[in-house]
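As a starting point, one isolated chain is supplied in structure tokens, in the form predicted on its own.
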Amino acid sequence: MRFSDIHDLEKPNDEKALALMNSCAAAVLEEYPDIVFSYGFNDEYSFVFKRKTKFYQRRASKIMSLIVSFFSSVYATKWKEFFPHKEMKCPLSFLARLLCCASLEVLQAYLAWRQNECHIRNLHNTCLWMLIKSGKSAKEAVEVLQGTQKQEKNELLFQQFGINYRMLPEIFRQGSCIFMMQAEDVVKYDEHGNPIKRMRRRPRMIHNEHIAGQNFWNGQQYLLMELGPFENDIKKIKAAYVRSFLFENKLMPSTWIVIRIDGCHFHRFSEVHEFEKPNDQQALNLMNSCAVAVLEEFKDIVFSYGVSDEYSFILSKDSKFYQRQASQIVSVIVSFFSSVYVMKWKDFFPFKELKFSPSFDGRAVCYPSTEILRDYLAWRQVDCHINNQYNTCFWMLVKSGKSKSEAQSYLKGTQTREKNELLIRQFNIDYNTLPEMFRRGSSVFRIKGEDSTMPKNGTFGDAKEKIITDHSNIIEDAFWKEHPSILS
């Protein structure tokens, strides 16, 4: 609601915003072949995987976070296509959850429930906004509609506003379903200019009144092949029955929650965008800027640590953020981070086009004590040092003329001291003088005004609180003594 208000989206339905959602859903189906069907309306979309999918070994958090992250970054990337005269003023985030359908009947019941929800919401919202546009306040409009049934709403629209609800666009009343189908496509031309065709998977969008009905479903050969037929039509919507299959993991109370996000296929992403090796300072600054935005948006996050294409966000022990439901916490953070990454790209790479949408996966882990939490952070910073020292040696060897396989063989079995000597002896590089951000990673956290002096690369919040980016040694006690309020 806040996002639509800020961007002045048309009420009750903005056709361009719905088209953007549909375009994002089509991109998801093209990116992930294991998704064979999707259904969406308003600001939600459901994605159905093939029955025998082994996508990321069916790990719930990985699947859910990747899909919502990719969807969010595509949304931010495609915004200008659909709203060329509107600036995207704030990032968008989505909540996601998993539902495991024990049978095809459960999937059918789920789809019937969501399409029925589309109809109920759209009928109500159409009445509500017509009343508001006619001069009533939002409160008065709600009071007029309270307790009204479907027939009464239809009569209100027709009698007061001359609107036949069934004549409204199908995309508003029925939602949109997108599924993959095999289509013939020209892949190249022979020497005589004749087209050479191959069968390719292509997304197809349909607006149908009964997506859970036998006639529609059983008429789609691709769905029958990947999922199977519907045996009967749905006679009654059973929302409570469907909800019983929702996958919800509530995180342990009174523990530190760590949400760790990692870039997906970022080796390829960094190569396509020609990031500097072994470290691209602007790419790291972009990651840090996204982390700052996350802390500004979600007040329950008290500390974050990042290196390369990963970031860990720590929620306070007493946090009640989304009732500590793992799927919702992970999805809202990873999707927000992804959309911010796209929005801020031009700030850090003004002369580089973003060639495809990035995505991140996420997971939630609970740590019962501050000591164990600090062990986790120490592990990540040690890992930063090990990886950065190796990568620095590796890329210096490659830039000096060795092949990648030769550089790997050269470094195999070497210890810290030997790598430092290699850098000094062959490249005149003192590893300890390299930028702290490369060697130690980045910490983003809030401090109260009286807690500490402001680091030179900090970012001011309000007068009482600052969100800062720091590159200190977080393994040593000195850091935590300097900032006692972080984990208090």
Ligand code: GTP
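The first residue of the shown sequence is 1; numbering continues from there. In this text the structure is predicted, and so the values were computed from the model without any measurement.
Not pictured, yet referred to below: the form predicted in complex with this ligand.
Residues with any non-hydrogen atom within 4.5 angstroms of this ligand in the predicted complex fall in just one of 78 to 86, 233 to 241, 258 to 266, 133 to 141: 258 to 266. Only one of 105, 300, 296, 280 comes within 4.5 Å of this ligand in the predicted complex through a heavy atom, and that residue is 280. Checking 312, 174, 288, 308 against this ligand in the predicted complex, a heavy atom within 4.5 Å turns up for just one residue: 308.
Taking non-hydrogen atoms only, residue 185 never approaches this ligand to within 4.5 angstroms in the predicted complex. For residue 375, no non-hydrogen atom is located within 4.5 Å of this ligand in the predicted complex, even though that partner is not displayed. In the predicted complex, this ligand lies within 4.5 Å of some heavy atom of residue 275. Proximity of residue 270 to this ligand in the predicted complex: non-hydrogen atoms within 4.5 Å are present.
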